[in-house]
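Given as structure tokens, the chain that follows is alone and in the form predicted alone.
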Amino acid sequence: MRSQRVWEVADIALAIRTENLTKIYDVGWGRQNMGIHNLSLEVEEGQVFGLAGPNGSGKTTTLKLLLGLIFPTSGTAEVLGESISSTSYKARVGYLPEGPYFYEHLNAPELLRMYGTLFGLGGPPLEKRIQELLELVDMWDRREYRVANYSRGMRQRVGVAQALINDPDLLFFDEPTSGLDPIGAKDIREVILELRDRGKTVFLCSHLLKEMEPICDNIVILARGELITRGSIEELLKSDEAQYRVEVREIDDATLATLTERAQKLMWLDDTCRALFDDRAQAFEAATMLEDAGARLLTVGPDRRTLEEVFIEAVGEESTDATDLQSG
């Protein structure tokens, strides 16, 4: 029976809450390694929450703590209103690890049937659930393929399905689009957004910032085991200056010279020219000029940073060593 306890702060129900959560690893010979230090965060129900950071930042450690796979050195955490020392909340959680391993000789229905029985499911309700999930991840027409013949994208799709077999309230996804081609990554993002629309909470752990930006409601960035910055996507990507951005491609030299004279700032991002203006009127006048000149206009509107820019600003260009990688 599911717990009826609801944890609310200012009338907002929380799926996850941590307070000063700390994990220190004993790596032998009297040495210790900091996994995470004094991590405090809140994840509201029904949102896609992103956890980002470089290698060794503490992402995997945080994930393992919330799943109850390891235990904290100090601090507290609750998932779905239950302490992470409890086992009762785990029936309401789904988990897709990075690079999931499945028995190679099984096909998709056999695989999901095995996971379903672990949750006490069976009979016609389970078979119906299996079909619904395989249709959701676009694997129903390929259900007879053996895992040994799966592509990376097919493994990820079936991995999402197994994470949903118990109809969980909260899903933990670790690098769900890593290694996928653009179409496969887009399909996984659409599944995540559909899960949110169904009222599920998704805790997304990734270093692929371009994948997180369009789907996350809120995000936390870690570095070397500590929380560096947090906020909604809109808050984090909002530019400090009230400027307007025009982005364009396929611009000739004469038009580029005119744009350079008009813009307050000009920069190139691969084959895209980005021009910044101090007010809206200047930006739209430049956009009209570019269209009249036959350039390929991409964007006109308020300037907005990318999540990658926020990330680099927060954690810098620092590298991680082998010791950092041990703590995830």
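Quick note: we count residues from 1 along the sequence shown, nothing fancier. If you're wondering where the values come from, they're calculated on a predicted model, not measured in any experiment.
There is also a form predicted in complex with a small molecule; it is not shown, and the following applies to it.
Participant: Which single stretch, out of 22-30, 269-277, 288-296, 39-47, brings residue heavy atoms within 4.5 Å of the small molecule in the predicted bound form?
Facilitator: That would be 22-30.
Participant: Using the partner position in the predicted bound form, report whether Asp217 sits within 4.5 Å of the small molecule, counting heavy atoms only.
Facilitator: No, no contact at 4.5 Å.
Participant: How about Glu98: is it within 4.5 Å of the small molecule in the predicted bound form, going by heavy atoms?
Facilitator: Yes.
Participant: With a cut-off of 4.5 Å between heavy atoms, is Asp169 one of the residues that contacts the small molecule in the predicted bound form?
Facilitator: No, Asp169 is distant from the partner.
Participant: Is there a heavy atom of Leu67 no more than 4.5 Å from a heavy atom of the small molecule in the predicted bound form?
Facilitator: Leu67: no contact with the small molecule in the predicted bound form.
Participant: Are all three of Gly35, Pro54 and Lys59 close to the small molecule in the predicted bound form, meaning a heavy atom of each within 4.5 Å?
Facilitator: Checking in the predicted bound form: Gly35, Pro54 and Lys59 are all within 4.5 Å of the small molecule.
Participant: Tell me, out of Glu247, Glu213, Glu78, Glu175, which residue has a non-hydrogen atom within 4.5 angstroms of the small molecule in the predicted bound form.
Facilitator: Checking each option against the small molecule in the predicted bound form, the one that comes within 4.5 Å is Glu175.
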